[in-house]
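As C-alpha cells, one chain now follows by itself in the form predicted alone.
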C-alpha cells in the first residue's frame, strides 16, 4: 500500500514485537505494547467489578455471587486437570467440607464470617488433602472415580449417623454484614485466586507440576517426591473449593448435605469445556455463561436439563477448543499498517 509517492506500508500483527522479545519483559515494551497485554486483563477485572452494579434486582445480584462460587470450583478443576493431569470430580467434596467447617465454627463458637471463611478454607484444605493422600498415586479415570465417591460417601454418613444436624443440617448460620460486602468479597477472592494460580503455574513449582503430568517417572528418577508435589497442588485446589463452600453457607445461612450435591462437581467441568481448558480464565468465563443460563431455564422445570445439554453439546461440537482459546487466537491476529 502506498502513502503518497514515497512512503510504503505493510500489515503487521500487533503482537509481533512482544513475541520477538518475551511476554514477560515489560521493561522493554512501549506503552502501546503494554496496553495490548493489559487491556484484556482490565476488561475481565472491571467487568466482574461492575456486574453487581448493572444486575436488575437483588436476585440477579445473588446469581453473580453464585457464579463466583462456581468459578472457584472451575478454577480448581482446571488447575488440577491441566497442570497435574489429575481429573478431580470431587468439587462437591471440597464445598461440603469447607461449608460444614464454616457453619460449625460460626454456630458453635460464634465466630464471625470474616474469621470462619479463612479458617474453613485452610482447615478444610488440610482435611481434604489428607483424605486424598491415599489416592494421589492414581491417575486418569481411576482418580476421577475415587474423588467422585468422596462427596457421596460423606453425605450418606452424615445422613445415616445423624451427625452435623443430619438431614436438617446446621441452621442459624450468620450471613455477611451486607450484600455489597458479600458480593465484592467473593469477586475479589475469585480474582485473587485466578491471578495467583496463573502466577503459580509460571514459576519453578509450576514447571514441576507440568513435568509430573508429562512424565512422572522422569521426575521420580531425578529424586523428587511426586506425592509431595501432588499434595501441594491438591491443597491449592481444595482450598479454592473449601473457600467457595464456606462463602456459600454464609450466603444461604444454612449448611446441609445438599453441599455434597453433584452439581458442584459437574457444572464446573461443563464451564471448563465451554470456556477453554488450560486457560484458567476460560472456566471463569464458562461459569459467567452457564450459571445465568441455568437460572433462566429454571422455569422450564426438568426440561431445563434438555436445553442445558443441547447448549453444552453445541459448544463441544462447534467450539471444542473453548471460547477463551478462540478469543485469544483472534485477539493475537489483529494487524496494523506499519512503514516499510
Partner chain sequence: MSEQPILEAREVTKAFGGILALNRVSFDVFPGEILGIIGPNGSGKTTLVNCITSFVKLTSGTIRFKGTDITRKPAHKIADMGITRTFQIMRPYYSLPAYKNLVIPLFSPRAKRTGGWRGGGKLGDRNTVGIDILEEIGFERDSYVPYKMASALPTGYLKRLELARCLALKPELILCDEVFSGLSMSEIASMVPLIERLQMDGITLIMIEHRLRELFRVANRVMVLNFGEKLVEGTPDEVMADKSVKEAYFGSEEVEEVMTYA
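Positions refer to the first chain, counted from 1. Keep in mind the model is a prediction, meaning the values are calculated, not measured.
Beyond the structure shown, there is the form predicted in complex with the partner chain, which is absent from this document and is the topic of what follows.
Using a 4.5 angstroms heavy atom cutoff to the partner chain in the predicted complex, all of 205, 218 and 222 count as contacting. Remark: residue 162 does not count among the residues lining the partner chain in the predicted complex, judged by a heavy atom distance of 4.5 Å or less. When the partner chain is considered in the predicted complex, residue 252 lies well away from it, no heavy atom lying within 4.5 Å.
Residue contact with the partner chain in the predicted complex: residue 229 places a heavy atom within 4.5 Å of it. Within 4.5 Å of any heavy atom of the partner chain in the predicted complex lies no heavy atom of residue 156. The stretch from 262 to 270, 99 to 107, 118 to 126, 205 to 213 that comes within 4.5 Å of the partner chain in the predicted complex, counting heavy atoms only, is 205 to 213.
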